[in-house]
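Below you'll find only one chain, the form predicted alone, shown as C-alpha cells.
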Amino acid sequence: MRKFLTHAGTGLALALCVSYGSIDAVRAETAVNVGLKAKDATALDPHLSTKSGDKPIFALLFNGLVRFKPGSMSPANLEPDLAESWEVSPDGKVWTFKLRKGVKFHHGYGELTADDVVYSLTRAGDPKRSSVSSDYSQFEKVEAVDPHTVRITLKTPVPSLLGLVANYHGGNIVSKKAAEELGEGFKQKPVGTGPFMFKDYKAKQGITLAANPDYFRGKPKIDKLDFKFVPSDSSRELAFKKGELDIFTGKREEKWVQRIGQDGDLTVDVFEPGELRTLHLNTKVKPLDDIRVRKAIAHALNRDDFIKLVGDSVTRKSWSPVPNGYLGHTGDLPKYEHDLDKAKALMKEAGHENGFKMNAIITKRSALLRPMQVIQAQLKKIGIDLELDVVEHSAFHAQIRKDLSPMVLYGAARFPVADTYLTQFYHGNSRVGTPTAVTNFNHCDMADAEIDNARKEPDAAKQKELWAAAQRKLMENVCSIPLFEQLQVWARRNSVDYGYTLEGALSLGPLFTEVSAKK
C-alpha cells in the first residue's frame, strides 16, 4: 500500500428511475458525490454481478456473517459482522454461527433471521441464481437451527470457509422476503442490512444511496452518497475540479498520481488489491497447443516494459498464477525471464521460424488495451503477428467466455486465498465453454487434484504445499503468463474522512461506514 498526500493536505437497461422514499431532511443533508469508472450498473445483486463498477456499491448495501475490517483485505483481519460468534466442529465440516439480534433490513423488510442467511447462501451456491456458485460447491447444506442460529455442513473441510461468508460476492446476505417478492426486480431494488440503503437509480447516470437510520452499528454521519457513472478518466477529473465530485476512481498510472497530487487540497490513495494482469493461452488450439510456442511467448514478454508503462508506484511484477500476498502464494516456481534469443530458438524448434499470425480480442478500456498493445509489439519481435480485435468492454467479456480468443489478457482481484484464484482460472470444471464455466480461458486441468485436495486439507502447512504444487504445475505447462499487478487508485478531497486508514478494500473502492464523515 502506498499513499500520496498533497502539500495541502451493458447495464440494467432501465429507461426510468426506480426509487424509494426520501430520507429525513430535518437538517441540511451531508452528501458525498462519487465518480465511478463505469458506463452503468450491471445488476445491483451481489450474487449476480462481479463487475468492478458494482462492487463499491455492494459493500455499502450488504453485510456478511463476518467482514473484513474497514481499510483491510487481509483474511487475518476478519471480524464479526451479522454473526456475533461462531464455532467449528473438530473435523472442520460443521460451522455454527450465532446471529446478532435486532438487525433490520432496509425499507421495512423486517428483522434479519437465520432464514435469510440460509436463503442467501443457498442462492449463492445455485448456478441459476449466482455467478459465483462454484465457490460454494463444498456446501452440503445450510440450515436454520433456530431464528438466530445458522449451521453450515460441508462435504469436505474448507479451511478458508470464513472467506465464503464474508461481505464479498456470495457472502453478502440479502432479504429473503425482498428477493422473493421482487423477483427479477431485486436487481434494480436491492435490499440488505448495510450502512446505506438504495434510494434510486437512473440508467447510465447514477445511483443514490441514503443513510440507513436503523444500521446496527449506528446511523452513518453522511446522509447521502451519489454515485455518478463517468467512464471517461478526463471527464471524472474535470468534474472533480469543477466541484461536482468529492471522490472518484483515479487513473492507475504513476504519472497521473504524481500530476493530480499537486493539484490543490486533495489526497490520492493507492491501495490493495493489486489486480493481476495475466495473459491466458488457450492450450487446446494450434499453435498454442505446443508448449514450445507457449514458452517462446513467455520468454518474449518483458515485464519491465509494463512497469514503465504504468509506473512502479502503482504496479509490481508477477510470476505466479496466484497474486502476491494471497494466502498460499508461492514464488518457488518456474520463471520465464525475458530472453529473445531463447524465444526465437523455441519458435524455430516448434517449426515456426518464420512466425505466424493470430487474432486476439481485447477491450477498449485502456487498463487492458495498452498492456495488450505492448504484448503485441513484444511478440512481433519473435515473428508473431498478433492482430487485435478491439471491442466494447461488455462485448469483450461476452466473447472471451465463448472461447473466441486464443489469447486473453485478463485483470482480476479475488478473495485473497489461493484456492479462489486457482479454482476460477485453472480448474478443469471452470473451463469456458462448459456448463460449469467460470474464467478458465487456458483450458488447463493438470493441477485439479492439488486444487481439490488443498480445499479439503485440514492441516494449514500441507494445504500451502498443495497450493504451491498446483502453481508449479501450471507454470511448468505455461498455461498462462502472469505479468504484473495494478493497484487501486482513488482521489478525494481532504474534507472526506473515511474514519480509518485505507490500506485495502476487496470492494475495489473505499468503504463508507457509520464513522465516515465530510467536514
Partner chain sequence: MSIATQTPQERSGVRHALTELYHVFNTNKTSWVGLIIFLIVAVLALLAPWIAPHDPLEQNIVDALQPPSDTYWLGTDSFGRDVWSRILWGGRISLFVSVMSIGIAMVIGGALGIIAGYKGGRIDQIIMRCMDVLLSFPTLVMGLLVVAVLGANLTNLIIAIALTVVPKFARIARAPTVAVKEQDYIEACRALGYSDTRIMFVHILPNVVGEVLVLASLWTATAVRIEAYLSFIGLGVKPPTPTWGGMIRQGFEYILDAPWMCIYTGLAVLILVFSLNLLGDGLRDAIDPKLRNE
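Residue numbers count along the first chain shown, from 1. These numbers were taken from a predicted model, which means no experiment stands behind them.
The next section is about a form of this same protein that is not shown, the form predicted together with its partner chain.
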query	finding
Any non-hydrogen atom of Lys364 within 4.5 angstroms of its partner chain in the predicted bound form	yes
Proximity of Asn324 to its partner chain in the predicted bound form, heavy atoms at 4.5 Å	no
Proximity of Ala377 to its partner chain in the predicted bound form, heavy atoms at 4.5 Å	yes
Contact test in the predicted bound form: Lys255 vs its partner chain, heavy atoms, 4.5 Å	yes
Full three-residue contact with its partner chain in the predicted bound form, heavy atom 4.5 Å, for Ser235, Lys251 and Leu309	yes
Listed range touching its partner chain, judged in the predicted bound form by heavy atoms within 4.5 Å, from 85-93, 365-373, 262-270, 209-217	365-373
Glu143, Glu392, Asp339, Asp403 - the one with a heavy atom within 4.5 Å of its partner chain in the predicted bound form	Glu392
Interface residue in the predicted bound form among Glu353, Asp332, Glu387, Glu180, criterion: non-hydrogen atom within 4.5 angstroms of its partner chain	Glu387
